[in-house]
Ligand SMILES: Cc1cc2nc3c(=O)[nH]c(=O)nc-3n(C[C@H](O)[C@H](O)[C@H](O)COP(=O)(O)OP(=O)(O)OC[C@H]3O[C@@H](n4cnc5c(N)ncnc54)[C@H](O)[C@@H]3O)c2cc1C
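Given next, in structure tokens, is a single chain: the form predicted alone.
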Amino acid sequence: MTDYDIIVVGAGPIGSTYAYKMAKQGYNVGLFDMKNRIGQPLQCAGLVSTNICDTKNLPKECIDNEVKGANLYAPDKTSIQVEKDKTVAYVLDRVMYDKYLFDRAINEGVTPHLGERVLDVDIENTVIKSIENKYSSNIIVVSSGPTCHTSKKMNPNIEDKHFMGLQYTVRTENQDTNYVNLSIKQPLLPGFLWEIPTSPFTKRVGLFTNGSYKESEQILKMQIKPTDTIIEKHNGLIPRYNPNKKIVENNTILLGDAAGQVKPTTGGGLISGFNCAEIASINTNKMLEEQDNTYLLNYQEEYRKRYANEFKAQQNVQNIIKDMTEDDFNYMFKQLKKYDVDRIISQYGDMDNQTPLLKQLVKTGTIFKLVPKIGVRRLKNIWKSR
């Protein structure tokens, strides 16, 4: 006899959401997390597109701010502004939001195990081991973040790679809360800097990069104005998408950051994670109803079908960006202004689905005017998965 129908390892937003969905269908779910306080420390920029509304997972009280566009800055400070005539993104109180999703799961009947670190997931026997106990289940869902040991078990020949994220919460002077600021710095490529207003007098200043911590911290500190006050500092790892990564073995699946289900260009994983939690919940329900674990493989295939082309296109964009120089970016931004590309970006740009914009830029020939040094063939193939 098993202790649970389903065990979920990791009570972040994606793990909690999946646990809630399964408990809502009547399953006995145990939710484990090594932390005693959900949502802390903050490890996310908290900016998410309004597409999150489609997942039906966001209460209004968790929204700190709404933005309608972005200011993009080249290394020489040449800038363009892209925007829509309505809200395009929400700035979330991620601590409150993570706690809301966790509490929702518990209120639906999920059994919490906070402060109980899972030391091992026995994939063959569908058992987890903590310091003092063992727990068995029919299905184990591992959503424990980018340094997941179960991922390494499933993929012994794949080295998990990560970007580093650094962020400060800052008290600042009165600011425009309608726009986020994104800046290019050569040492951070293919990453970038961001300033996200959370209120008229507070913002999140951060970056993600493949560079060193020391150099990145120096760059981040240079973004802080003399009149700014740093309230909190945060850092964490952002998983890199790997199309070859296996996320199902026996009756154990990976979900969210543990599965690398994040956008390569920005490291954002909330919406893709929520969508994958929905795919996983549908297929694990079928698996339990029919006692046929081929449905778990369906989860893996449906996830790849939905995201493989988009994520691969974003990876290809990253590969182009990391080879560009500051002069390339300065030239490109001047061309963006010259040919009014901000209008095209405003019309076709989408934080989550970037291939429509890429294809439009190629279709109109605009992209070849931006950075002539990049080969035509390479640009035309940026959205191809192979």
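Residues carry their position along the shown sequence, with the first being 1. Small disclaimer: the values here were computed from a predicted structure and weren't measured.
What follows is about the form predicted in complex with the named molecule, which we do not show.
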{"query": "Heavy atom within 4.5 Å of the named molecule in the model of the complex - residue from 276, 270, 105, 184", "finding": "270"}
{"query": "In the model of the complex, the one of 151, 144, 281, 216 near the named molecule [non-hydrogen atom within 4.5 angstroms]", "finding": "144"}
{"query": "Any non-hydrogen atom of residue 45 within 4.5 angstroms of the named molecule in the model of the complex", "finding": "yes"}
{"query": "The named molecule contact at residue 165 in the model of the complex, heavy atom, 4.5 Å", "finding": "yes"}
{"query": "Residue 118 within 4.5 Å of the named molecule in the model of the complex, heavy atoms", "finding": "yes"}
{"query": "Any non-hydrogen atom of residue 95 within 4.5 angstroms of the named molecule in the model of the complex", "finding": "no"}
{"query": "Stretch from 283 to 291, 250 to 258, 217 to 225, 73 to 81 whose residues place a heavy atom within 4.5 Å of the named molecule in the model of the complex", "finding": "250 to 258"}
{"query": "Heavy atom contacts to the named molecule in the model of the complex at 4.5 Å, residues of 189 to 206 in sequence order", "finding": "194"}
